[in-house]
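Only one chain comes next, encoded as structure tokens, the form predicted alone.
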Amino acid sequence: MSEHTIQIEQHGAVRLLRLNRPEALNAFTTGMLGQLRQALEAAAEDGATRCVLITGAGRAFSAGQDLADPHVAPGREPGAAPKDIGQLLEHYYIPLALRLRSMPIPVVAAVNGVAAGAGASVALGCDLVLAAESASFIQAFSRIGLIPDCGGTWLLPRLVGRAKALEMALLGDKLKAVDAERLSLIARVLPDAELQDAAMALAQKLAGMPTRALAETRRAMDEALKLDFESALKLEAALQSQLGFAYDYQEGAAAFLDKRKPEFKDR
């Protein structure tokens, strides 16, 4: 691809993915969505990478879908056929959202500015979300006659409850980062100047932890939302059984008993 809209950096066991269309507030094009999914797949397959950190270049995380992209731009000529936006979701956003949610390693979002529309959905689809004080979250879909996508309708009510999720989605008002933290939409708000260092430190910490257990924790919590209590208990037992045979449990338990720092290797 000629245009590199995703910058990739390796910081030890952390892979940094930076959305890189700052002149367009990192709005998504189909090419950019494809590059982001490919970057996530590469990180998932790289055994040396144990955490992914996603952030944006410039003053935004992502303004969401670029409405000038040919796949969604409304026809301006008389009689022009409408675009099937559902096809855009099927071919680009659904694979991206599923890849993000099924990563074998933790994913951190550092929201450095506005996260709007699908940009908000991508950020909120990460495991832990940190945001700069100047950042904001906007469910902008209702402003153009659409519904939240890229997992937005699934994520929002689970994060903040139905009433607040509907308020955000129907009104499309800007939500400041401090309010997003208060509502438990995100994990933490930081001064702008501290965000990137704090996010990298968090990613490095996660990279040093038993990443397989972290990924299974995410899976168990997501599955539990669809299960009754007894079924959730049984899923816990099944996953715990698998993890108990893994190297990281043996190492973690031995290190605890030996009063030393563990060296986790599973992924």
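From 1 onward, residues are counted along the sequence shown. Bear in mind that the values here come from a model prediction, so they are computed numbers and not experimental data.
One more form of this protein should be noted, the form predicted in complex with a small molecule, which is absent from this view; the next part is about it.
Listed residues L100, V72, L155, A169 were compared with the small molecule in the predicted bound form; V72 is the one with a heavy atom within 4.5 Å.
This chain appears without its partner; in the predicted bound form, the one residue of K205, R59, K234, R218 with a heavy atom within 4.5 Å of the small molecule is R59. Only one listed stretch (185 to 193, 109 to 117, 158 to 166, 122 to 130) carries heavy atoms within 4.5 Å of the small molecule in the predicted bound form, and that stretch is 109 to 117.
In the predicted bound form, the small molecule lies farther than 4.5 Å from every heavy atom of A254. Mapping the unseen interface onto this chain, A27 counts among the residues with a heavy atom inside 4.5 Å of the small molecule in the predicted bound form. For V52, no non-hydrogen atom is located within 4.5 Å of the small molecule in the predicted bound form, even though that partner is not displayed.
In the predicted bound form, at least one heavy atom of D149 sits within 4.5 Å of the small molecule.
The putative spot formed by G64, I85 and F141 is fully lined by the small molecule in the predicted bound form; each residue has a non-hydrogen atom within 4.5 angstroms of it.
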